[in-house]
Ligand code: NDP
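We begin with a single chain expressed as structure tokens, specifically the form predicted alone.
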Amino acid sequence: MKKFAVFGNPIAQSLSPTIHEMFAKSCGEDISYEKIEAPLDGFADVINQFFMQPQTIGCNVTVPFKEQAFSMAVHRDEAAAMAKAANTLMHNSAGELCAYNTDGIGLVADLKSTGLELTGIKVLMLGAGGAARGVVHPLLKAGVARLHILNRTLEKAQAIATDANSDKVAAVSPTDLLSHYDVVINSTSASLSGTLPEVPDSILAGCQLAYDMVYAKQTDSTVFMEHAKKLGARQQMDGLGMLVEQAAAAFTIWTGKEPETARVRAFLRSR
């Protein structure tokens, strides 16, 4: 039996065991997947102990340990290097710790699931934290024409644009915004506290899709989604699909198998 886990603090709310157990069943894999609450001052020790156990393959990492997971790794993929954070770990054949950030892969897959063509579109990212950093390179690889980052602190957005090393990525102030963006992505956690990120109403009113990385736990939509809908955004989505798709990318890294995600997404939505 292959052994996996997700580490965080707190971790009781995690849907990862449910998601990966459904993946394993659909792919014919025999796995165990547990939630482990790591102490705030002892993450590295807990991870090292976990990988010493027989049949351990890999793990997921969530807040507040993603930066520590990244720093512990010997090898990092491009998305993790950009984000300076990792949500997926595993050992390679040499026993070296490898770090990945699958958030951006999950976002792109979720956007594509709507039938949206990403090539050539203009994207506005709200927020310049770790969530934004983790999705920049996958969006560029998907072919977006413009990726503008709007953040209350312009310097943080500029830092991401500099690290992206692409003329398609730029930090913008409210006065620098284009007149139209195809997709507006809220990478802030504002919806968790029932507040809204700062963005002109006209931008949301004219977009094809308003996407909130936070997923709606109690209702079908977040505050950001409701706001965008009232203003006239043609479509609104939360981050539940992204959660499932980033997990699928991690599962593929670990097993080499690509799980079916639509049924998992529908099951979680029904809950």
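It should be emphasised that the depicted structure is a prediction, and the values quoted were computed from it without experimental measurement. Position 1 is the first residue in the sequence shown; the rest follow in order.
One more form of this protein should be noted, the form predicted together with this ligand, which is absent from this view; the next part is about it.
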With the cut-off set at 4.5 Å between non-hydrogen atoms, does G143 touch this ligand in the predicted complex?
-> no
Could you confirm whether L243 comes within 4.5 Å of this ligand in the predicted complex, counting heavy atoms only?
-> yes
Can you check whether Y33 is within 4.5 Å of this ligand in the predicted complex, heavy atom basis?
-> no
Does T195 reach this ligand in the predicted complex if we count a contact as any heavy atom within 4.5 Å?
-> yes
Exactly one listed stretch (123 to 131, 71 to 79, 161 to 169, 176 to 184) reaches within 4.5 angstroms of this ligand in the predicted complex by non-hydrogen atoms, and it is 123 to 131
Contacting member of H91, R152, K112, K84, with respect to this ligand in the predicted complex [4.5 Å, heavy atom] = R152
Pull the contact list for 172 to 191: residues with a heavy atom within 4.5 Å of this ligand in the predicted complex, in sequence order.
-> S187, T188, S189, A190
